[in-house]
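Here's a solo chain for you in C-alpha cells, the form predicted alone.
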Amino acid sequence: MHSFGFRANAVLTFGITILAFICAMASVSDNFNSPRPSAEIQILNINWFQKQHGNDEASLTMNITADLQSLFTWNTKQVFVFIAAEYETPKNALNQVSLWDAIIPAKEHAKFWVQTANKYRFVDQGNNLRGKHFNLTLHWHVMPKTGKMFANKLVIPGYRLPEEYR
C-alpha cells in the first residue's frame, strides 16, 4: 500500500500543521487582553547636575512604583520595561534618554517598588537641560511565547531640572 516513509511524512506534516494552528490561535488570543498597567515615578533627589565635557549631565534618585500584572497572559514570556526622560530642544522635537530598565520574567514580579539612581547617564549634547521641563515615560515591550511582540507606554509629565548647576 504506502511505504513507511510516506506514512511518517503524512503524520509529521499533520503534526506540524496542528502545531502551527495552535501557535496562531495563541497569538490571536492576546488581542482579547486589554491591559491596564499603572505606574508612579517620583524624583526624590537630584544627586548632581553639572556640565561635563561641554554637555549637561544629571543624576536622579527615583522612586518607581508600578503594577504591570495586567500585561501578563498565559502567552507572555517576559516583559522588558524601561524609563526614559523625554524633552524638547531647539534642534530636536523629541529627545529620549533611557534612565532605567528591567526584565520582568513572571507575573509575580510585575508589581514592584524600586528606589534607585538612574542606571544610565542622563546627558544632553549641549547645555539644553538647565531649567528644562521633561516627562518620565514608562515604556514596556511584551515578549510572547508565540506571536508578535507589542509595545506601549505611559507618560508621566511634570518634571523640571534646576536652572543652575550643582
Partner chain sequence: MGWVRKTVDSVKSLQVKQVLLRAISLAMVFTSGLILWKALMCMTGTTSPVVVSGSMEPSFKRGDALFLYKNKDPIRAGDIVVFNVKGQDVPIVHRVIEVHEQQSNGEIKLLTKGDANDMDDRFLYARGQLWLKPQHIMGRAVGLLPYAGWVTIVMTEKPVLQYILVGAVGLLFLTSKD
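Numbering follows the first chain given and starts at 1. Computed from a predicted model, the values in this text were never measured in an experiment. Superpose the two forms; the largest set of C-alphas matching within 1.5 Å is the rigid core.
Here the subject shifts to the form predicted in complex with its partner chain, a form of this protein not shown in this document.
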- [ ] Please name which of the stretches 44 to 52, 64 to 72, 31 to 39, 133 to 141 has residues with heavy atoms lying within 4.5 Å of its partner chain in the predicted bound form.
- [x] 133 to 141
Task: 4.5 Å heavy atom contact, V97 and its partner chain in the predicted bound form - done: yes
Open item on the list: My question is simply whether T13 lines the interface with its partner chain in the predicted bound form - judged by any non-hydrogen atom within 4.5 Å.
Closed with: no
Task: Heavy atom of V155 within 4.5 Å of its partner chain in the predicted bound form - done: no
TODO: Look up in the predicted bound form whether M25 has a non-hydrogen atom within 4.5 angstroms of its partner chain, and give yes or no.
DONE: no
Open item on the list: If you apply a 4.5 angstroms heavy atom cut-off, which residues in 128 to 155 are near its partner chain in the predicted bound form?
Closed with: H139, H141, M143, P144, K145, T146, G147, K148, M149
Open item on the list: Could you check, with the core superposed, whether the Cα atom of M143 shifts 2 Å or more between this form and the one not shown?
Closed with: no
Task: Large Cα move at N152 between this form and the one not shown, threshold 2 Å, rigid core - done: no
